[in-house]
Each structure stands twice: as C-alpha cells, then as structure tokens.
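One chain is shown next in structure tokens, namely the form predicted alone.
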C-alpha cells in the first residue's frame, strides 16, 4: 500500500471582525439557467455560516495567503473572490454546495488554476480543492491508484515514480489533475496508452443536489455521468472529489530534443507528414517558435521534443534524413522513465496568454499549407515574450477508442494544433496586444482552412471561440446536454462555455 500523501495545511480561523471588511467586496449571483446575473454583496453572517461548516477553513482578502490561493495561471482573468473555501474533505464540498444554493452566491471550483479562459475565477466563492490531495495504491495488485480531487500533477508524478508506474500525464507540475483528467488529458504517453480520461476507472462526484456519488463508474447507476466525466470538461456536472486510474509499469525510454534553424518549411512539412506513421510508443510535440519582439533575432525555429518507449525501432529511424539537417540534437537512449520526465517537464508561471486549438490529419497538411503557416508566422507583430505554434502528436491508441465511447470526441486525427500569444501587461501596450490577438485570429482561420482542421481541445478553452459546443464536443454535445439535465437541470454549475441543460 502506498501511504497517503497529504501536504501540511494551515488551518484558517476566521474571526467575526474580519467578515465585516469582506462583506461588501464582491457580488453574488443567483444561479438559474434563465436568470440574469444580478450582483449583490455576500453578507458577513453568511460567510460566518460558511466558516463554521467548512472544516478546511475559509480565507478572506485580508489573509496573507489570500493572494497566493486566488491567483490564476492566466493573469488576463484576475477576478478576486470574496472568499476562498479550502475543502479538506467531501463533507466540505457538500457544505459549499449547500451554502451557494442557500445564498445564491456565484462560485467557481479550482484545483490548479490553469483554466486558459479564466473559468476557475469568480467574484463570489472560490472552492479550493487543493487540500484534498491524498494518493493511494488500491489493493488487488492490478495497478489502480486513487487520487484526491485537489491533487496537483507534481504529486501524482512523485507517487507514480515510487511505484515505477505511469499514466498518460502532462508536463506541467502545477496543473490540477482534476481539470486535466476531466477534459481528456494529453501527454507524451497518449499514443501508447490513450487519453488520460481513457484510463479513468471511477470517480467520486458531489452533484448539484448535494449528494456524494462516491463510485461513479461504467455499468453503475451513474454510468452516463461517468461517460460525461471522461472528456466533458470540469465545472459542468458537479465537483469531482476523487479519481481512480489504471496505471501501467514503465522501464526505459529514449528522450529526444531536436532543433532546426534553416529550411523551416521543408522540415516542418516532413515532420508533420512522416511522423504520423510512427509506432504508438513514439510521442512528440513540435514547436515553431518566434523570439521576443526586439530580440534582434526574428528568425523562426522548429523543434521537436518527446520520447520513445522500447520497441523495434529507434528515434533516428523514425525521424529519418531530416535529422541530418538539425542545428542541435540531443537523443538519450535507455533512460529510466521518470528521470526522462524531468527533461520533458515544463515550468510555468502566471502570465498573460491566449491559446487557440484545432485537430489535423497528416494527409491534409500540404507543402502549400505549411508555407502559409510559416509566412503568416513571420508577420506576427510579436510581444516581449516568445510565441509559438505547436503540434501535439495524437493518433495511436487515442484513435482506437470510438468517438462516442467517451465524451472526448476528437478521435481519428494525427495532430492537435495550437497557436499561442503570450505577453506581459507592463511591457506590452494594449494596442500591441490587440494587434497580436487580431493576427492570431487570422492565422488560426487561415491554418484551419488550409489544413481542413476541425474542432478545438476543451482543455485549451478559448474565450473567443464562437461555436464552442461543436468545436469541443462535436456530435457528443447532445448526449452531454442530456446528462447535464439529469444531474443539474437548474444549471447550478454554470459558466460562459458550460454545457447547458435541455
């Protein structure tokens, strides 16, 4: 048995005198599908009731830790909550749901805070799941692991490293595992194991009626809810308090990191078409990067980062002759799996960004399409930060699962395309940011048309996306609305791109 991992947690005692200062900070909003948002203060007495009901504590704006807990990863969406409920267990989550229903308060749920569109921010109550961070190996010897609804990726990685097992996981330590899993979950293992949500065996959910459904799984009483939790995105059907995942043993991988500075069009086209035929043990991410504005080096570079699990071929054979033209190439063979993940990991800090995504098939990526991408990328106005467009390699086992088998509908593609614009508000004037965002819209539309790209990744929510329901969920949206109606007909769990009840 893997002992539970529970980080040290400060207990917050909130005195009555502090409620008075907070009571008029932010508005509350009645939650009904038809109601207009109406702002009104949350009363001090209501916050006092909440503090008495939440064992993990309630944090108010005058607490020295408030800013740390409230800060989102995308600083575009810096709305501060009136209060933060630190949920120490399922009973705290139920207490929060009862409280927001009683007081008609706006709320959002957060584990890691990496929602690209700011949907984990609110002017009302922020339900902070991070204290619910236990991880345990379940008995039975079949490699099932149960994690709490507030676990960060970093904790999952440390626990799995001790077991020498893995799942499909991401690269960023500070992402919340809940949001990652509920939206599908991509990573270098997805061609080998499937989406992270494909490895989900069960989940616990507190639904809008306040009930804890502790064992939501396929074939159970709530099998439709389980289907929806495998790609239906967080914040739609309830608050997930636990996840049971299938893990697999790992041995060694070949790590690779290769960069090209010349002939970027030809290199990019070769990679995007050739690698679609790679074995499922091969996982990669291709980036085309533009340096920061004013850096004196406006040239684009192409790079590929990834890993190859043990199989009957090599990284060199998969990349082929294009490897000979690389500017730099690092290939480390037979590395123990988890040390290799340290090289693949990504450190992210809060900043300002906008990301847009779609899915492509290699057969539709022509030399002319790639030339158009590169030509437009060179015309980007640029910001004080580096910017890039990226291709996450899908296919393999991701495409084995039928599109309607889970809520994650994006099967049958070779690449997940993403365009990002990054900036700092103090260095990049608003007019320049707006110019870059306008460029991004044109770039995204041109690339999608040239490659016949479809859809958008629900874990990269795009606040500017108009037909988001079709883009995120395709033909699965109608069934998702049925599940929403069955479990949250009054639309308690609502946000701008949230699934709507019938």
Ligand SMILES: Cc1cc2nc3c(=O)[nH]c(=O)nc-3n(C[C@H](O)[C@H](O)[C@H](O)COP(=O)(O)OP(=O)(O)OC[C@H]3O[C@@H](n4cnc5c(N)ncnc54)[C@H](O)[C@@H]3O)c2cc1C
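Positions refer to the first chain, counted from 1. It should be emphasised that the depicted structure is a prediction, and the values quoted were computed from it without experimental measurement.
There is another form of this protein, the form predicted together with the ligand, and it is not shown here; the text below is about that form.
- Taken together, 114, 182 and 186 are fully in contact with the ligand in the predicted complex: each brings a heavy atom within 4.5 Å.
- Partner proximity in the predicted complex, defined as non-hydrogen atoms within 4.5 angstroms of the ligand, places exactly one of 217 to 225, 119 to 127, 78 to 86, 250 to 258 at the interface: 119 to 127.
- Taking non-hydrogen atoms only, residue 410 never approaches the ligand to within 4.5 angstroms in the predicted complex.
- For the chain shown alone, residue 346 is a contact residue for the ligand in the predicted complex, at least one non-hydrogen atom being within 4.5 angstroms.
- In the predicted complex, the ligand stays beyond 4.5 Å of every heavy atom belonging to residue 166.
- Using a 4.5 angstroms threshold between heavy atoms, residue 403 stays clear of the ligand in the predicted complex.
- The partner is absent here; in the predicted complex, the one residue of 460, 439, 468, 66 having a heavy atom within 4.5 Å of the ligand is 460.
- 171 is the sole member of 201, 171, 397, 101 with a non-hydrogen atom within 4.5 Å of the ligand in the predicted complex.
- Although the ligand is not shown here, in the predicted complex the stretch 141 to 155 places heavy atoms of just one residue, 149, within 4.5 Å of it.
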